[in-house]
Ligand code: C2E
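Only one chain comes next, encoded as C-alpha coordinates, the form predicted on its own.
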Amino acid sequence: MHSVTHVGGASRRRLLILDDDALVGSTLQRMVVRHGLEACSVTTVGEFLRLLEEWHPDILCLDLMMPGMDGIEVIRLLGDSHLRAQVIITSGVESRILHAAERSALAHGINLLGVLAKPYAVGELRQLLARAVDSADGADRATGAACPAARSESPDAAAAGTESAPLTADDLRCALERGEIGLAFQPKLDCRSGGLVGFEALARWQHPDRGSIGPDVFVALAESCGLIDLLTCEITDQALLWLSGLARRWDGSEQMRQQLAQARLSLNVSALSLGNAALFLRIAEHCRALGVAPQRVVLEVTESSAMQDATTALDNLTRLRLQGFHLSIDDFGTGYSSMVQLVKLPFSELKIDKSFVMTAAASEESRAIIRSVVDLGRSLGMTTTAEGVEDAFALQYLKELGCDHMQGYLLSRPLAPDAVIPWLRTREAQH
(Lines give C-alpha, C1' and ligand atoms only; values in the text may rest on other atoms or scores of the structure.)
Protein backbone atom coordinates (compact mmCIF):
# COMPACT_ATOMS: atom_id res chain seq x y z
CA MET A 1 0.00 0.00 0.00
CA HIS A 2 1.25 3.48 -0.82
CA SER A 3 -0.01 7.03 -1.13
CA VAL A 4 1.19 9.81 -3.38
CA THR A 5 1.08 13.57 -3.14
CA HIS A 6 1.81 15.58 -6.28
CA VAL A 7 2.87 19.19 -6.17
CA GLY A 8 3.39 20.23 -9.75
CA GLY A 9 5.55 19.71 -12.80
CA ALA A 10 8.20 17.20 -13.66
CA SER A 11 11.07 19.31 -12.26
CA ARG A 12 10.04 18.59 -8.67
CA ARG A 13 12.42 16.42 -6.68
CA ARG A 14 10.95 13.10 -5.56
CA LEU A 15 11.06 11.64 -2.08
CA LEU A 16 10.12 8.04 -1.30
CA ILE A 17 9.23 7.25 2.32
CA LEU A 18 9.42 3.77 3.87
CA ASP A 19 7.64 3.47 7.23
CA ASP A 20 5.52 0.57 8.41
CA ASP A 21 3.23 3.02 10.23
CA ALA A 22 1.01 4.51 7.51
CA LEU A 23 0.02 7.44 9.72
CA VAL A 24 3.64 8.38 10.42
CA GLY A 25 4.50 8.05 6.74
CA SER A 26 1.62 10.25 5.63
CA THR A 27 2.49 12.85 8.27
CA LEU A 28 6.05 13.07 7.00
CA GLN A 29 4.72 13.13 3.46
CA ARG A 30 2.61 16.22 4.17
CA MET A 31 5.57 17.94 5.83
CA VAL A 32 7.75 17.23 2.80
CA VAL A 33 5.21 18.51 0.28
CA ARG A 34 5.10 21.86 2.05
CA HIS A 35 8.73 22.26 1.10
CA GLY A 36 8.10 21.85 -2.62
CA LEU A 37 8.91 18.18 -3.16
CA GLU A 38 6.78 15.40 -4.55
CA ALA A 39 6.35 12.58 -2.05
CA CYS A 40 5.35 8.93 -2.07
CA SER A 41 4.82 6.90 1.12
CA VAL A 42 4.89 3.09 1.37
CA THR A 43 4.59 0.67 4.29
CA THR A 44 6.38 -2.46 2.99
CA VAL A 45 9.92 -3.14 1.84
CA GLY A 46 8.66 -4.93 -1.27
CA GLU A 47 6.65 -1.94 -2.41
CA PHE A 48 9.56 0.35 -1.56
CA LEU A 49 12.00 -1.65 -3.72
CA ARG A 50 9.51 -1.74 -6.59
CA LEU A 51 8.99 2.02 -6.57
CA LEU A 52 12.70 2.57 -6.18
CA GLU A 53 13.19 0.87 -9.54
CA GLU A 54 10.12 2.28 -11.31
CA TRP A 55 9.74 5.80 -9.92
CA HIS A 56 13.44 6.75 -9.57
CA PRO A 57 13.20 8.96 -6.48
CA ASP A 58 15.90 11.51 -5.70
CA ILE A 59 15.64 11.15 -1.91
CA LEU A 60 14.81 8.15 0.28
CA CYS A 61 13.54 8.30 3.85
CA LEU A 62 14.03 4.97 5.66
CA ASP A 63 12.65 3.90 9.02
CA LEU A 64 15.01 1.49 10.80
CA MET A 65 12.30 -0.50 12.56
CA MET A 66 10.59 -2.52 9.84
CA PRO A 67 9.02 -5.98 10.18
CA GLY A 68 10.55 -8.75 8.11
CA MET A 69 13.52 -6.77 6.79
CA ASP A 70 14.89 -4.05 9.05
CA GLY A 71 16.35 -0.77 7.89
CA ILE A 72 19.96 -1.96 8.19
CA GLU A 73 19.31 -4.76 5.72
CA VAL A 74 17.66 -2.26 3.36
CA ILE A 75 20.75 -0.06 3.69
CA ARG A 76 22.95 -3.02 2.76
CA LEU A 77 20.82 -3.70 -0.33
CA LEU A 78 20.99 -0.06 -1.36
CA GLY A 79 24.76 -0.05 -0.91
CA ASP A 80 25.15 -3.17 -3.05
CA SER A 81 23.09 -1.52 -5.80
CA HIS A 82 25.39 1.56 -5.85
CA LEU A 83 22.40 3.80 -5.33
CA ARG A 84 22.87 7.48 -6.23
CA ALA A 85 19.79 8.83 -4.44
CA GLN A 86 20.23 10.69 -1.17
CA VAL A 87 19.10 8.89 1.99
CA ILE A 88 17.57 10.07 5.25
CA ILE A 89 17.52 7.55 8.11
CA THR A 90 14.69 7.91 10.62
CA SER A 91 13.81 6.10 13.83
CA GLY A 92 12.56 6.50 17.35
CA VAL A 93 15.37 4.37 18.79
CA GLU A 94 17.98 5.83 21.12
CA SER A 95 20.59 8.12 19.61
CA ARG A 96 23.46 5.62 19.92
CA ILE A 97 21.63 3.12 17.72
CA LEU A 98 20.57 5.81 15.27
CA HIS A 99 24.14 7.04 14.86
CA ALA A 100 25.43 3.48 14.56
CA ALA A 101 23.03 3.08 11.63
CA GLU A 102 24.40 6.32 10.22
CA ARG A 103 27.93 4.93 10.33
CA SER A 104 26.72 1.69 8.74
CA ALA A 105 25.16 3.61 5.86
CA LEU A 106 28.37 5.55 5.25
CA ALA A 107 30.38 2.33 5.36
CA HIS A 108 28.14 0.90 2.62
CA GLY A 109 28.76 3.92 0.41
CA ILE A 110 25.27 5.37 0.86
CA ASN A 111 24.84 9.02 -0.15
CA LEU A 112 23.61 9.91 3.33
CA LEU A 113 21.75 13.19 3.66
CA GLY A 114 21.31 12.87 7.42
CA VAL A 115 19.46 11.21 10.29
CA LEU A 116 16.09 12.29 11.61
CA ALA A 117 14.95 11.22 15.06
CA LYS A 118 11.26 10.64 15.76
CA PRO A 119 9.15 12.56 16.53
CA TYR A 120 10.15 14.70 13.58
CA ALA A 121 11.35 18.23 14.29
CA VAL A 122 10.23 20.58 11.53
CA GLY A 123 13.45 22.61 11.74
CA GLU A 124 15.69 19.56 11.31
CA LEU A 125 13.58 18.32 8.40
CA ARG A 126 13.77 21.74 6.76
CA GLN A 127 17.57 21.74 7.00
CA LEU A 128 17.86 18.30 5.42
CA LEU A 129 15.51 19.19 2.56
CA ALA A 130 17.31 22.47 1.93
CA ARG A 131 20.57 20.56 1.71
CA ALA A 132 19.02 18.07 -0.72
CA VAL A 133 17.56 20.75 -2.97
CA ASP A 134 20.82 22.68 -2.96
CA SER A 135 22.83 19.63 -4.01
CA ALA A 136 20.52 19.09 -6.98
CA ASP A 137 22.10 22.15 -8.67
CA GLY A 138 18.89 22.85 -10.51
CA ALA A 139 19.01 19.66 -12.56
CA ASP A 140 15.86 19.01 -14.57
CA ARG A 141 14.19 15.60 -14.68
CA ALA A 142 13.31 14.22 -18.09
CA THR A 143 10.89 11.54 -16.92
CA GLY A 144 7.25 12.02 -15.86
CA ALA A 145 6.36 13.14 -12.32
CA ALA A 146 3.65 10.72 -11.29
CA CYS A 147 4.36 7.98 -8.81
CA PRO A 148 3.26 4.70 -10.42
CA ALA A 149 0.12 3.44 -8.73
CA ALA A 150 0.19 -0.11 -10.01
CA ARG A 151 2.27 -2.66 -11.90
CA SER A 152 0.46 -1.87 -15.17
CA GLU A 153 3.18 0.46 -16.48
CA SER A 154 4.11 -0.42 -20.04
CA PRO A 155 7.43 -2.14 -20.75
CA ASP A 156 8.53 0.81 -22.91
CA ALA A 157 7.86 3.29 -20.12
CA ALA A 158 9.71 1.16 -17.62
CA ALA A 159 12.65 0.82 -19.97
CA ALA A 160 12.82 4.59 -20.40
CA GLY A 161 13.57 4.99 -16.71
CA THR A 162 16.45 2.55 -16.45
CA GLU A 163 19.76 3.86 -15.17
CA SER A 164 22.48 4.82 -17.63
CA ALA A 165 25.50 2.60 -18.11
CA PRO A 166 28.22 2.81 -15.43
CA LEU A 167 31.00 5.33 -15.90
CA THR A 168 34.23 4.01 -17.34
CA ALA A 169 37.88 5.03 -17.39
CA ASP A 170 37.39 6.32 -20.94
CA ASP A 171 34.55 8.56 -19.74
CA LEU A 172 36.79 10.11 -17.12
CA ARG A 173 39.76 10.39 -19.45
CA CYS A 174 37.61 12.20 -22.01
CA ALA A 175 36.22 14.48 -19.30
CA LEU A 176 39.74 15.50 -18.35
CA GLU A 177 40.66 16.13 -21.99
CA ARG A 178 37.50 18.19 -22.62
CA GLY A 179 37.86 20.26 -19.46
CA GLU A 180 34.65 18.99 -17.84
CA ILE A 181 36.27 18.71 -14.40
CA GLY A 182 36.00 22.05 -12.60
CA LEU A 183 36.30 23.36 -9.06
CA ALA A 184 34.31 24.87 -6.25
CA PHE A 185 35.93 26.57 -3.27
CA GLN A 186 34.65 26.29 0.30
CA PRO A 187 35.88 29.02 2.67
CA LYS A 188 37.71 28.08 5.85
CA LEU A 189 37.36 30.55 8.75
CA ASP A 190 39.03 31.15 12.08
CA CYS A 191 36.83 29.82 14.90
CA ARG A 192 37.61 32.63 17.32
CA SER A 193 37.68 35.73 15.12
CA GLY A 194 35.64 34.57 12.14
CA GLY A 195 38.42 35.83 9.88
CA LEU A 196 39.24 34.22 6.55
CA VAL A 197 41.88 31.48 6.72
CA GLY A 198 41.63 30.09 3.21
CA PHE A 199 39.69 27.79 0.90
CA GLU A 200 39.37 24.09 0.19
CA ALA A 201 39.33 23.18 -3.50
CA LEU A 202 36.56 20.68 -4.31
CA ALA A 203 36.39 18.86 -7.65
CA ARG A 204 33.18 19.03 -9.69
CA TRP A 205 32.27 17.09 -12.85
CA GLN A 206 29.46 18.39 -15.03
CA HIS A 207 28.85 15.71 -17.64
CA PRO A 208 27.12 16.94 -20.85
CA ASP A 209 24.63 14.05 -20.80
CA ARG A 210 24.57 12.72 -17.22
CA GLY A 211 24.61 16.07 -15.47
CA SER A 212 26.41 16.57 -12.18
CA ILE A 213 28.50 13.57 -11.07
CA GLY A 214 29.54 13.45 -7.42
CA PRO A 215 33.23 13.38 -6.47
CA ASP A 216 32.62 10.25 -4.41
CA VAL A 217 31.86 8.53 -7.73
CA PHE A 218 34.54 9.87 -10.04
CA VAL A 219 37.38 10.01 -7.49
CA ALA A 220 36.77 6.33 -6.67
CA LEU A 221 36.72 5.62 -10.42
CA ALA A 222 40.00 7.48 -10.88
CA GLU A 223 41.60 5.48 -8.06
CA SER A 224 40.41 2.16 -9.44
CA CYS A 225 41.51 2.76 -13.04
CA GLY A 226 44.89 4.43 -12.47
CA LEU A 227 43.83 7.99 -13.31
CA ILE A 228 43.99 9.48 -9.83
CA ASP A 229 47.34 11.22 -10.37
CA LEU A 230 46.12 12.72 -13.65
CA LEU A 231 42.96 13.94 -11.91
CA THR A 232 45.00 15.39 -9.04
CA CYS A 233 47.23 17.27 -11.48
CA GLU A 234 44.21 18.78 -13.21
CA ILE A 235 42.66 19.89 -9.92
CA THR A 236 45.87 21.32 -8.45
CA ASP A 237 46.71 23.17 -11.69
CA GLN A 238 43.32 24.89 -11.71
CA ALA A 239 43.31 25.62 -7.98
CA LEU A 240 46.85 27.05 -7.80
CA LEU A 241 46.24 29.29 -10.82
CA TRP A 242 43.04 30.58 -9.19
CA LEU A 243 44.79 31.22 -5.87
CA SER A 244 47.70 33.05 -7.50
CA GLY A 245 45.38 35.72 -8.91
CA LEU A 246 42.91 35.97 -6.04
CA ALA A 247 44.36 39.04 -4.31
CA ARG A 248 44.71 40.90 -7.63
CA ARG A 249 41.02 40.40 -8.38
CA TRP A 250 39.96 41.98 -5.08
CA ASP A 251 38.71 45.55 -5.41
CA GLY A 252 37.81 46.28 -1.80
CA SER A 253 39.67 47.09 1.41
CA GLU A 254 43.43 46.75 1.74
CA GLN A 255 42.95 44.65 4.86
CA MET A 256 41.03 42.00 2.92
CA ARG A 257 43.57 42.17 0.11
CA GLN A 258 46.27 41.26 2.60
CA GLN A 259 44.18 38.36 3.90
CA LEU A 260 43.71 37.06 0.36
CA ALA A 261 47.43 37.38 -0.34
CA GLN A 262 48.06 35.05 2.61
CA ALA A 263 44.99 32.78 2.26
CA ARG A 264 45.72 29.07 2.30
CA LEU A 265 44.56 26.55 -0.26
CA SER A 266 43.63 23.00 0.79
CA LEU A 267 44.03 20.30 -1.85
CA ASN A 268 42.82 16.72 -1.44
CA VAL A 269 45.35 14.01 -2.23
CA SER A 270 44.51 10.33 -2.44
CA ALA A 271 46.52 7.96 -0.29
CA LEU A 272 47.23 6.02 -3.49
CA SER A 273 49.28 9.00 -4.69
CA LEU A 274 51.50 9.33 -1.64
CA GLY A 275 54.24 7.20 -3.16
CA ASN A 276 54.43 9.31 -6.34
CA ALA A 277 57.37 11.67 -5.79
CA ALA A 278 56.99 13.08 -9.32
CA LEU A 279 53.47 14.29 -8.53
CA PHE A 280 54.61 16.30 -5.52
CA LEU A 281 57.61 17.64 -7.40
CA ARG A 282 55.20 18.89 -10.05
CA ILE A 283 53.04 20.61 -7.43
CA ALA A 284 56.09 22.29 -5.89
CA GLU A 285 57.33 23.48 -9.30
CA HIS A 286 53.89 24.83 -10.17
CA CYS A 287 53.84 26.79 -6.92
CA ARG A 288 57.22 28.33 -7.73
CA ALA A 289 56.15 29.20 -11.28
CA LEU A 290 53.01 30.99 -10.03
CA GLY A 291 54.69 32.67 -7.09
CA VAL A 292 52.60 30.79 -4.53
CA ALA A 293 54.49 30.17 -1.28
CA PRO A 294 54.38 26.48 -0.25
CA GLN A 295 53.33 27.64 3.23
CA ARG A 296 49.97 28.63 1.69
CA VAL A 297 49.22 25.09 0.46
CA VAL A 298 47.68 22.37 2.63
CA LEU A 299 47.68 18.83 1.25
CA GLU A 300 44.78 16.87 2.75
CA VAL A 301 45.37 13.13 2.80
CA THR A 302 42.20 11.12 2.35
CA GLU A 303 41.55 7.42 2.95
CA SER A 304 44.75 7.02 4.96
CA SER A 305 43.94 3.38 5.65
CA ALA A 306 44.44 2.62 1.95
CA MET A 307 48.09 3.71 1.99
CA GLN A 308 50.17 1.09 0.18
CA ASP A 309 53.77 2.07 0.97
CA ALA A 310 54.05 3.92 4.26
CA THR A 311 57.84 4.22 4.02
CA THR A 312 57.80 5.95 0.62
CA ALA A 313 54.90 8.13 1.74
CA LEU A 314 56.85 9.14 4.83
CA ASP A 315 59.83 10.15 2.66
CA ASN A 316 57.74 12.18 0.21
CA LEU A 317 55.60 13.93 2.79
CA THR A 318 58.57 14.76 5.01
CA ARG A 319 60.24 16.42 2.02
CA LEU A 320 57.07 18.44 1.41
CA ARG A 321 56.98 19.58 5.03
CA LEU A 322 60.63 20.59 4.78
CA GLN A 323 59.73 22.75 1.77
CA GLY A 324 57.00 24.47 3.78
CA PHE A 325 53.86 22.66 2.63
CA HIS A 326 51.28 21.85 5.30
CA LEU A 327 49.88 18.34 5.66
CA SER A 328 46.40 17.55 6.94
CA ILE A 329 44.85 14.23 7.89
CA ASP A 330 41.26 14.37 6.68
CA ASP A 331 38.18 12.87 8.37
CA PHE A 332 40.10 12.22 11.56
CA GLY A 333 38.29 10.01 14.05
CA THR A 334 36.50 7.74 11.57
CA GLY A 335 38.94 4.82 11.70
CA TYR A 336 41.67 3.25 13.79
CA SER A 337 44.15 3.79 10.98
CA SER A 338 43.93 7.54 11.45
CA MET A 339 45.78 7.31 14.76
CA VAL A 340 48.43 5.06 13.25
CA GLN A 341 49.12 7.49 10.41
CA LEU A 342 49.05 10.43 12.81
CA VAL A 343 52.00 8.91 14.66
CA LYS A 344 53.94 7.91 11.54
CA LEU A 345 53.54 10.93 9.26
CA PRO A 346 54.40 14.62 9.79
CA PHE A 347 50.89 16.06 9.83
CA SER A 348 50.36 19.68 10.82
CA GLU A 349 46.55 19.70 10.84
CA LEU A 350 43.73 17.44 12.06
CA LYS A 351 40.37 17.72 10.31
CA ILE A 352 37.45 16.61 12.46
CA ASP A 353 35.06 14.54 10.37
CA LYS A 354 31.82 16.32 9.56
CA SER A 355 29.70 13.38 10.76
CA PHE A 356 30.64 14.31 14.34
CA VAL A 357 30.27 18.06 13.91
CA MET A 358 26.86 17.82 12.21
CA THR A 359 25.49 15.68 15.05
CA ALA A 360 27.11 17.58 17.92
CA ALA A 361 23.85 19.13 19.10
CA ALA A 362 22.09 15.78 19.42
CA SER A 363 24.89 13.38 20.29
CA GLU A 364 26.93 13.36 23.48
CA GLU A 365 29.27 10.84 21.85
CA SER A 366 29.95 13.21 18.94
CA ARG A 367 30.73 16.06 21.33
CA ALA A 368 33.11 13.82 23.27
CA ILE A 369 34.96 12.85 20.08
CA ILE A 370 35.24 16.47 18.94
CA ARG A 371 36.58 17.49 22.34
CA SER A 372 39.12 14.65 22.29
CA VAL A 373 40.39 15.52 18.81
CA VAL A 374 40.77 19.21 19.69
CA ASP A 375 42.64 18.29 22.88
CA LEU A 376 44.85 15.84 20.95
CA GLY A 377 45.68 18.41 18.29
CA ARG A 378 46.54 21.01 20.91
CA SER A 379 48.78 18.60 22.82
CA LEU A 380 50.66 17.75 19.62
CA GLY A 381 50.97 21.36 18.47
CA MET A 382 48.70 20.77 15.47
CA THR A 383 45.96 22.92 13.97
CA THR A 384 42.44 21.52 14.31
CA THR A 385 39.78 22.16 11.66
CA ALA A 386 36.13 21.19 11.97
CA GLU A 387 34.14 20.33 8.85
CA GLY A 388 30.35 20.28 8.59
CA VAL A 389 29.53 23.35 10.73
CA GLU A 390 25.84 23.75 9.93
CA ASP A 391 24.22 25.13 13.08
CA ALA A 392 24.83 27.69 15.82
CA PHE A 393 25.29 25.01 18.49
CA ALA A 394 28.25 23.43 16.69
CA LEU A 395 29.79 26.85 16.09
CA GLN A 396 29.55 27.83 19.76
CA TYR A 397 30.78 24.44 20.95
CA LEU A 398 33.86 24.62 18.72
CA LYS A 399 34.64 28.12 20.00
CA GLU A 400 34.37 26.96 23.61
CA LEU A 401 36.73 24.05 22.94
CA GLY A 402 39.31 26.26 21.28
CA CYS A 403 39.12 24.62 17.85
CA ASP A 404 41.25 26.61 15.40
CA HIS A 405 39.45 26.58 12.04
CA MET A 406 36.04 25.68 10.69
CA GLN A 407 34.10 25.24 7.47
CA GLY A 408 30.53 24.27 6.65
CA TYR A 409 27.18 25.38 5.25
CA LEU A 410 26.48 27.74 8.16
CA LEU A 411 29.50 29.77 7.05
CA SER A 412 29.35 29.22 3.30
CA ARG A 413 28.48 26.53 0.81
CA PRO A 414 31.12 25.65 -1.80
CA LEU A 415 31.40 28.56 -4.22
CA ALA A 416 32.06 28.66 -7.95
CA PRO A 417 35.40 30.35 -8.69
CA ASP A 418 33.75 33.55 -9.93
CA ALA A 419 31.41 33.64 -6.91
CA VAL A 420 34.17 33.95 -4.30
CA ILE A 421 34.82 37.70 -4.73
CA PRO A 422 31.08 38.59 -4.55
CA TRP A 423 30.80 36.44 -1.40
CA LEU A 424 33.74 38.28 0.14
CA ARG A 425 32.20 41.66 -0.72
CA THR A 426 28.93 40.69 0.93
CA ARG A 427 30.73 39.31 3.97
CA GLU A 428 32.89 42.41 4.36
CA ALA A 429 29.82 44.66 4.13
CA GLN A 430 28.04 42.62 6.83
CA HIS A 431 30.99 42.88 9.18
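Don't overthink the numbering: it's just position in the shown sequence, from 1. What you see is a predicted model, and the numbers here were worked out from it, not measured in a lab.
Below, we refer to the form predicted together with the named molecule, which is not included among the displayed structures.
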* Quick one: from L317, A203, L116, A132, grab the residue that has a heavy atom within 4.5 Å of the named molecule in the predicted bound form. => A203
* Please pick, from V298, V219, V74, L98, the one residue with any non-hydrogen atom lying within 4.5 angstroms of the named molecule in the predicted bound form. => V219
* **the named molecule in the predicted bound form reached by all of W242, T385 and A419, non-hydrogen atom within 4.5 Å** => no
* With the partner removed from view, which of 228-236, 244-252, 166-174, 76-84 is the stretch that lies within 4.5 Å of the named molecule in the predicted bound form, judged by heavy atom distances? -> 228-236
* Partner contact for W423 in the predicted bound form: the named molecule, 4.5 angstroms, heavy atom -> no
* To do: Considering only heavy atoms, tell me if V197 and the named molecule come within 4.5 Å of each other in the predicted bound form.
  => no
* **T359, heavy atom within 4.5 angstroms of the named molecule in the predicted bound form** => no
* Consider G408 of the chain shown here, and say whether it contacts the named molecule in the predicted bound form, taking contact as heavy atoms within 4.5 Å. => yes
* **Within 101-121, the residues that have a heavy atom no more than 4.5 Å from the named molecule in the predicted bound form** => none
